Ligand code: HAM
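Just one chain is shown here, as structure tokens, and it is the form predicted alone.
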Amino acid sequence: MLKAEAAARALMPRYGVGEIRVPALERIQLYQRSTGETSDVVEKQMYTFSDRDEAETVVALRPEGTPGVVRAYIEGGLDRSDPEQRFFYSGPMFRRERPQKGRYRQFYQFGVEVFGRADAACDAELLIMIDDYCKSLGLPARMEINSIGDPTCRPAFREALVKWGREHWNELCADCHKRIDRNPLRLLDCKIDAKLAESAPSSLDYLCPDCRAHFDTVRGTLDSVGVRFQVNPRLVRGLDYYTRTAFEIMAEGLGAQSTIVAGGRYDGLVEAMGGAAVPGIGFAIGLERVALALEAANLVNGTVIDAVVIAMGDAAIRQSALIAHRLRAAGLAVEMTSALRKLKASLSRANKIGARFAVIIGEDELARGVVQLRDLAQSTQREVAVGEVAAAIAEAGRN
């Protein structure tokens, strides 16, 4: 999971995104106003309790990051003084779940929120960022995008969904019976009725000219930089403040919990929470799910470790420590193995953690001032002078 977070953090300076830290404990009203009282998060999943203050304030452990970031943005006056802002956050979230693989009561998210940009180029930029993130991890993933329209055209889409839902009333689950009047867009993201939802109306058929042009620009921009995606007209965000672009990124090998990134445009959220009418868009990465996806793809360690230094016997320990120190000073990630291990076991360890090279030092090499440099990827080995190990690894890594 640390690798998943580190890769995300490494991208932020390249996209001009700064860190924000928000509380893990907030008033329950924050999530009722933002996430929505009819959402599963608020109705079923939040951990809440009454404080011992005079007002017996009801507080909640944060189930998601966006509301806290928006609250801080408004309270800091940025929505009026300097609305265009880019933030990222990282930390634990809490939901009352039935624990299973990829779904936990305490889980970790890395999120990005961008305020003050309503243009399609901003939507595309975030999707390119996510694509860069997956590529930096070497993680195969599928990007799905959609447009759910805006307050101009979405009412007609909602009406069509309600009509469709009533026509299929007997086939809908009990939860969808409740959603059909309160939040009909959520009929499309029901896991129980997923097969039935394939026959539901498509949001793309109801887009107004402005929303269609916005979505066309998003798609065209992604095409221009070679980001692969699929349009999924059933992909929605069920709350009224969400507008236009919605997206999810799925990874293989996770079963039902395959979504590793999800997000969308929420141009009405800042205003709904008492701020100015500032547009926004964001996404959240499920770090545990990314870690599971990396494991499923045999990418848990990837190229994190450049070299393993193997000391064959006590006499070589000091020299191996010196070599490891020099390699780290050269910017390489290095691990030293136990001098008590046999060579076969040490090489097995090196392969297990995904190291590219093994630097082997025995009594003979120690006496001659050399090491055996084994390229584990190419299954080759050669003798290298102690002072040239870093350069030899760097040269081999370029080839």
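This structure is a prediction, so every number in the text was calculated from the model and none was measured. In case it trips you up, residue 1 is the first one in the sequence shown, and so on.
Not on display, but discussed next: the form predicted together with the named molecule.
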Flag G264 as yes or no: does it have a non-hydrogen atom within 4.5 angstroms of any non-hydrogen atom of the named molecule in the predicted complex?
yes
Do G149 and the named molecule share at least one heavy atom pair within 4.5 Å in the predicted complex?
no
Residue contact check: T259 to the named molecule in the predicted complex, 4.5 Å heavy atom:
yes
So in the predicted complex, does A284 come within 4.5 Å of the named molecule, heavy atom to heavy atom?
yes
Could you tell me which stretch in 49 to 57, 63 to 71, 328 to 336, 354 to 362 has residues with non-hydrogen atoms within 4.5 Å of the named molecule in the predicted complex?
63 to 71
At 4.5 Å by heavy atoms, is each residue in Y89, R103 and R289 next to the named molecule in the predicted complex?
yes
So which of Q109, N232, Q85, S320 reaches within 4.5 angstroms of the named molecule in the predicted complex, heavy atom to heavy atom?
Q109
Answer key: of W164, Y206, Y241, F215, within 4.5 Å of the named molecule in the predicted complex (heavy atoms) is Y241
